[in-house]
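What follows is a single chain, given as structure tokens, in the form predicted alone.
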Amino acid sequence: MSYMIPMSSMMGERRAPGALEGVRVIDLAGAAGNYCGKMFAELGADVILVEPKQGSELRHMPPFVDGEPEQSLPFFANNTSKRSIVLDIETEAARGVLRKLLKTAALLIESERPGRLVELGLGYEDLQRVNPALVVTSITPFGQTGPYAAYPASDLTCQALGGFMSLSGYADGPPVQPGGDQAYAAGNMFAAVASLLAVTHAELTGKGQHVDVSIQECVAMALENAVQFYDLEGTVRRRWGGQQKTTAYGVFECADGYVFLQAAGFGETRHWQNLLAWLKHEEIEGVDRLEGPAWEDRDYFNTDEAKQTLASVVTPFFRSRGKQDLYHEAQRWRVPFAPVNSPREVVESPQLKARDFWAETPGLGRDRVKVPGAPYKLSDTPWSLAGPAPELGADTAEILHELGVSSDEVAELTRQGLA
């Protein structure tokens, strides 16, 4: 089954067909789900953002560019390449328009509290009667079932209850929230993968399904290698805050910032000799303190004495050199090493530039805004930024006309405040 969308309805310049060309997605989500829709939009789907009259909650979320309340960075970042329609789904007339729209769609993404859409007559069972092939993806803090299902929660709550915050922070301090809405990001990405599977199944069978995404579960799935550490070493991961987890495994200060050294630790101790060879070549004072029988005992690497000895030797050396200089020297000596890039250095990364990672679009009151592209490349159906985040309701009339709603009916809906 396919949902062909007229090319005239697509924003921006004509582009190569995307992998999801012809798929229509209705985005009824807020902060917890708008990024999921964006991922579909930039793979070629026609993603229609349904907003209340006051606009999506993200439109009102700071920071604002130049302090302008219409220029929300979170809204822009999560809604590029979409179209916007205003529908006040608190009214039956607007819900009727939404049902017409859903007849043409492959996927609905929503993040209302469990039961809310059922109350409005827009629950999964209701929508199956409208479009049996429709996939409904619900992204909520704790999923549709369980004792926490009805609890409201923020990104911070999901990070905490998913276990992520227990790993973030300084070793001698309380848990600290990582930057950005990391729980929402995890929820959006897992939701996109699950939705793609369900849409593919619907294409093959004509039968839609309800994708129930719990952000807490997504966070628990993304605890890096905490579970594997317990399986392999019997250790429970803890907060390190950049300090040495074991000797030569952590963040160190250098002349222009910080670097990450991983010359020891689980499976990496073989690089220790390479680090010693490098330090000897540089004639670093005190390098002889890193040799002797104690350094042949792996358990010794986990002691504070070993960490402090290593730090006393390498810290003056690292502080005398820039991160890029150290990084390239470490490569030459085959020592696992990385510069800790600042945001500017990420933007200016030669690797990201060589892969054309960054994209540009008008928006936020500027002719060109640089935004992240896709971290993958499809050879035949490339990712594409179709345009900036839409103005509130910018495409309402166009979308209603596509549904066969006459100009007079559009005017009447507008007069009634339904659209």
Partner chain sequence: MTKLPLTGVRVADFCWVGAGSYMTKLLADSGAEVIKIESSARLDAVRLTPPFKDGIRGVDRSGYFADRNTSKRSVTINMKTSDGQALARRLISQSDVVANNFTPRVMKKFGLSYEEVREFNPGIVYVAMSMQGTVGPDRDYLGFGQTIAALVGFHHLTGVPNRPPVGTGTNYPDHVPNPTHAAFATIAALRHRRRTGRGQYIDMAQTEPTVGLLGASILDYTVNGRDSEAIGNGHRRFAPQGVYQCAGDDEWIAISVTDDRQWPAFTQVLDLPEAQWPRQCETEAGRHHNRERLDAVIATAVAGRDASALATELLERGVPAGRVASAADVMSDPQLVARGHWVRLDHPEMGKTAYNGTPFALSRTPARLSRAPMLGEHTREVCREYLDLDDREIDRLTADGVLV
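Values in this document were obtained by computation on a predicted structure and should not be read as measured data. Between two forms, the rigid core is defined as the largest C-alpha subset superposing within 1.5 Å. Positions refer to the first chain, counted from 1.
Only in words, not in the display: the form predicted in complex with its partner chain, which the text now covers.
Only one listed stretch (286-294, 167-175, 115-123, 308-316) carries heavy atoms within 4.5 Å of its partner chain in the predicted bound form, and that stretch is 167-175. Contact with its partner chain in the predicted bound form, judged by any heavy atom within 4.5 Å, is made by just one of 130, 251, 276, 89: 251. In summary, among the residues 85, 105, 192, 97, the only one with a non-hydrogen atom within 4.5 Å of its partner chain in the predicted bound form is 192.
Using a 4.5 angstroms threshold between heavy atoms, residue 381 counts as touching its partner chain in the predicted bound form.
When its partner chain is considered in the predicted bound form, residue 216 lines it closely, a heavy atom lying within 4.5 Å. Although the partner is absent here, residue 53 lies well away from its partner chain in the predicted bound form, with no heavy atom inside 4.5 Å. In the predicted bound form, residue 61 approaches its partner chain with a heavy atom inside 4.5 Å. Taking its partner chain as it sits in the predicted bound form, the stretch 219-245 comes within 4.5 angstroms of it through a non-hydrogen atom at 220, 221, 222, 223, 224, 225, 226, 227, 228, 229, 230, 231, 232, 233, 236, 237, 238, 239, 240, 241, 242. Shown in the overlay between the shown form and the other one, fitted on the rigid core, is a CA shift at residue 336 of 2 Å or greater.
Superposition on the rigid core between the shown form and the other one places the CA atom of residue 148 less than 2 Å from its counterpart. Comparing the forms between the shown form and the other one, the C-alpha position of residue 297 differs by 2 angstroms or more, with the core used for superposition. The gap between the Cα atoms of residue 225 and residue 372 is larger in the predicted bound form, by no less than 3 Å, than in this form.
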